[in-house]
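So here's one chain in two forms, each on its own in structure tokens, numbered structure 1 and structure 2.
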Structure 1
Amino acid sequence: MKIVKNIFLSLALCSFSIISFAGEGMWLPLLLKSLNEGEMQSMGMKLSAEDIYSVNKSSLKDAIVHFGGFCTSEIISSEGLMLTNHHCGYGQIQSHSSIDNNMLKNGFWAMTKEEELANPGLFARFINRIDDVTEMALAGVKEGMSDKERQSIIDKNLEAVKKNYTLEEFQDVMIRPFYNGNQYFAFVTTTFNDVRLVGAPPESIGKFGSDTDNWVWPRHTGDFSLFRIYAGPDNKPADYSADNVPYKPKHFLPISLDGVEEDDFTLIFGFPGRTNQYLPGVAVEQTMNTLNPAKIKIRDTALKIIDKYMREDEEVRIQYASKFARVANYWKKWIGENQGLKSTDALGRKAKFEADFVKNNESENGKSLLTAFNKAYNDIEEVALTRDYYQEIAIRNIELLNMQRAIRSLVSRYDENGEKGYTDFLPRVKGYLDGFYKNYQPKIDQEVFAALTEMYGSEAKEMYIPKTLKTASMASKEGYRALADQIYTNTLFTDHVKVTEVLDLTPEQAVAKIKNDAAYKLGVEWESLYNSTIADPYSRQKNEIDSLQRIYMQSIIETFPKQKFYPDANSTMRVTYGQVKGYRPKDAVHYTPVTYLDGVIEKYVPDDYEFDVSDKLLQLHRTKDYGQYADTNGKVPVCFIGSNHTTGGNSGSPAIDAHGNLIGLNFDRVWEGTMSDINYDPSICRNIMVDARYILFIVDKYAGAGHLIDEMKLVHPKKDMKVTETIPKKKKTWKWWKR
């Protein structure tokens, strides 16, 4: 089987597409001209591909920002004002909050630039250009090479490619594989490290509906926050300084006041995290029936415990708000994903595609590949399941054990490099612990520990259970609770003061005390067993699956040469396009695509942490004091949905209209369509966006931050277009216009 060296070149010549619904897929912006421009314009787009992505002139890409590496944001003023989701800025808002100044509850609005708040560690990254480096990356790669040999050559090639770029100190070049390693693209980036908090609505707006409405439509959440990028006097990136000035962007997005109607064109620009559209059916079945149910069960148990304490204590609610949201997010996503995979018959669709693949494949490779996949996924299932149990329990949901990873790294550096290794790494550990203990309650963690270790002891095979947990299970019916009490009572790691005192000892004394700690011993014991019985076997088997997936992807493209396949998301810049669309999730239910402030009031429950509404917002609704932000029916739109193909990482992505203006802010997907990471289906896959007019309404009428509105460029593209259409199309007039 020959190596595919330029997949996109062959795709650009194709006239037939596998995609049955206009707009499916996450596309590289530099290839829109050859692959997507025609379809996008047929759906109503008035822009050209170069208006979206250009290296020769300012374009939409110059307003799109990778926010902290985990979300997307966009520039909306000539002074570096940046819009992203409330949940993307949540950690920063929380870090500035306290009982006396609860910005999560009350919101925050800087009325002058001097009041804008610095956020150490937060960065804003732009993409300067994207280059196809496939030919150089795969130079010397030959058929029949082992995966290790292949990767070794590619790694050397990529290092050589990077050396071809001349970069400034604030620039970097990142090279990422596409199509499971069959193609490579380089991304030249510029990173700004002075990013300041400008504004955030209270949780009653920014998280309205909270966990109940998460992943759900109809939605009424004002999920937005505002930051600003600061630069040095030369407009280049600089470390934080009081002398820095607002960044002057190459491009910023005007904001449309005309709103949306069903079937309007929508473009989402951002950094989607990860999708797996080309998995074989056996992998999807394993996800549905084995892995997702286990993870859902673990998080469900932890969330119920945390929720109980959050409802009892306001301080706990502040401390655990971000952690709870993080854990709950994918818990609910996995539930919806499973339901969506079943309701759209994902396994049946995979089976049909694989039958066509085997039928059209010119050799026996198709059948043998699927047979190899079946064996590989059967072989990995046990360790994959146990791996998920360990990672969900010992790493993600028991905070004491998760924190131990940093301590084990410190001890490891002492064991390997002596006092120097220890003292060099110690400041990083202390910094991490300062943040950890600020939002840590041992009594909550202890209860989670008891519940989840008992789950692990009952679900995992004996060979995967550490001796300490086995002993607890045999001790008594309450063995796991007794173990939790013993560890949390005696460990020094539940107390920041005690930990600090130990870390202030000499390295030798500190390491001796740490190694004798009960929690540390359990962490070491469990991690060692995990590495030998789970991690190593999983890694070997996963490498085999990844190799099969690369060959399978290559074979799919060669088997269906007239079909167009988009690359899976991998946190690189992508464009996805669609239309404002309602949907029918089940019999007799039809969701329209826009929600309004009236719906917020309908959901309002006084003093409820999810559905409470401030007096100010109630008053604005009661008096209909909407300013210029109401639609033609006199109502304030809050959210709308579209058919854009999005995933995690698209949080904060701009929703852009046919003319290149901001119309909304992407922040979620509908629950019935969360399986779009694996199986996009046009009937129920919808992304959820905050309407730009609601954002402006909150900033202006609710917060009284009209100075921020003054920075922005507000436009009426639909009204302007109607005016243009009424101009008589006389020959003389158009000759004058062309001049």
Structure 2
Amino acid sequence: MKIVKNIFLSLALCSFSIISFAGEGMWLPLLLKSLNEGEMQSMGMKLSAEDIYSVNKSSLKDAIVHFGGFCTSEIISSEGLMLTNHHCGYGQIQSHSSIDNNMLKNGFWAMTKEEELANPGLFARFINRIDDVTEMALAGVKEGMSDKERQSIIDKNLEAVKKNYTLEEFQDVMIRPFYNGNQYFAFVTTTFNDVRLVGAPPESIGKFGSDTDNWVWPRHTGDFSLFRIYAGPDNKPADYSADNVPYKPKHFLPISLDGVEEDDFTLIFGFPGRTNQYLPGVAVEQTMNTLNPAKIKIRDTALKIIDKYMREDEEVRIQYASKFARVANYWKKWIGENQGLKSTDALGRKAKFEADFVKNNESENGKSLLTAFNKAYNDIEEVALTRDYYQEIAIRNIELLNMQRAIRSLVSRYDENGEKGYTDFLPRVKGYLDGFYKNYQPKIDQEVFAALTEMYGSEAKEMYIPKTLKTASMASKEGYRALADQIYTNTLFTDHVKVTEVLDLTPEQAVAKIKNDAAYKLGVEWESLYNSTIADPYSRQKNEIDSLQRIYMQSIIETFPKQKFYPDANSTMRVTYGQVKGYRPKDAVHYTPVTYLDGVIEKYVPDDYEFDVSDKLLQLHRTKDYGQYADTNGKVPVCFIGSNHTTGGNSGSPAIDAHGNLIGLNFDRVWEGTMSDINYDPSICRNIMVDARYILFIVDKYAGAGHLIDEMKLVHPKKDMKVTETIPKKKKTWKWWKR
């Protein structure tokens, strides 16, 4: 075993190709038959490609839902019951909460369908079919055309392709570029708009471990929530109505009670957002050595300030918890990403791949392409870095500068469309401001402002620094603090009452006041400098890089005709598959792939906001009241990891076993492997899933919502298989280093 592992590790590490390993790749469902079926079956899958994706019969894809466009979810009953992550349903759960009925804190369980809660604006989208429309999309496109010419032909072609589809009124067709614009696929979708909240565990389960455990294995989070799709009486999409009925799906996933063990086949089906697997080395180097460190440093500074105040004051903690989590999520991800890029020698691998590419590429193109990349990334570096600084500082982390953009949008409406433009837009801005001030502490923001403007002033090149900041830095040693003080004292925008008073004046008066505000003035000054010195050159250079990347991608595919390449994620439906697998995060440490409720209790810190455990759960653990949800070892599993290649957007995706049953719910990746967006490595890239049995255990034993369990179809695929088929005692391990 040890030798096998070592061979595996060294082979994985010295492999320099960027083709897929078992585990690597986000594949298009309609191409599984030609590209993946054989490999999937040799890894243990008992399904056919047609069982996963078919347009002629119901298939797994009919149970997969794009949840609000930002997460994935899946249908788990014949009555349209839908499973997704707690962090995906967070906004909805929060919006139904009040001080008296805090569903984030206490959880929520609809005990009858009448108690299920409507969520205006939330949609559930199915994919009806996928078509390769490349030929039509690229008709008339010739080599040597300018990008503009090329794009305008494609745009016209795509319009024509869309017209070819006959759609129901609730259907739509969207066409997306793949392989950096070398291929085009069309997706026919059906969207439901009546999606109701059915259940959510308390945060002490659904967000257990919070930011400390985020991106971390071993993990013990029950990150799930339940929704239901409602349809009109004809089972077709309909706007919300009390007369709507639970949707009868074409397919729903049965849930396995048999659990997982190491090396079991796993399939993840969902909507991964964005990856960059085919970047040239120079781009990876820029991300790793220039852009990531800058973004990490900025967020680090902001987070430290916020954290200090959150620890001092419970009210602040509640106000800033969600914002903190959002900023911390990618801060932590980038740190892990950089570490992983180094530990897997991503740059060395890219260099080897590029050498191979140049050697095998028949024309001279290979070399000149890489030279062009070097120049292009060199040229863009300064503006790309400053752009990140601007966006992280002036847009994301200084709240005052972000919110003044909303108020400013009123001014532009007024300038463009007069009083009517202003008045029509006012309710939206007021709505936004109501939410903003609920969770806003000017003194924290002021401190962040002083620290981040100082960082910008000292790190950005002179030409990118707005005059106001320059003057501050020259005024005194304490210049930025003084500037912050001056702006936060003078602006009206830190005070909800004062802003409301202004907005209630006549549009003309209000606009005059806004235009005179200190925060507004700095916002305008900084943004117009940004637009003229950064935004324009950036987008020009980025277009050039995009077009090089398209040619490079095409060239890679042509240069290595025997290899199969998966397209980068682009929020379209994908299948990824791998195995349940532990890993070695560092020297002498080995992580096993399953965690248990015992581990929740080990992490328990009474009254801690991240690691508290409710009495009810403590009691279930004490009395071992696990019902049918315990593993054969008598313990309740909580999470498990696998070698599936996932990214943001895959949250809420089902983990599916060899037979098509639900075994888990994807919600995260391990920290050491977050560089999988750029450089997947089978030795340390793992996705994290909640074990289906933990979800059932919480719904049944914790929440007492047995009626929901009754709706589901619980199965025993492993037990059943033992009866019908004889399986070898020791399962054959898939030799995934051998391809």
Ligand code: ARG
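The first residue in the sequence of structure 1 is number 1, and each one after it adds one. Note that the rigid core is defined as the largest set of C-alphas that superpose within 1.5 Å between two forms. Small disclaimer: the values here were computed from a predicted structure and weren't measured.
Taken from the form predicted alone is structure 1; the remaining one is not. When the rigid core is held fixed, the Cα atom of Lys304 travels 2 angstroms or more between structure 1 and structure 2.
When the rigid core is held fixed, the Cα atom of Ile229 travels less than 2 angstroms between structure 1 and structure 2. Superposed on the core, the two forms differ at Lys420: its CA moves 2 Å or more between structure 1 and structure 2. For Val511, the displacement of the CA atom between structure 1 and structure 2, after superposition on the rigid core, amounts to 3.3 Å.
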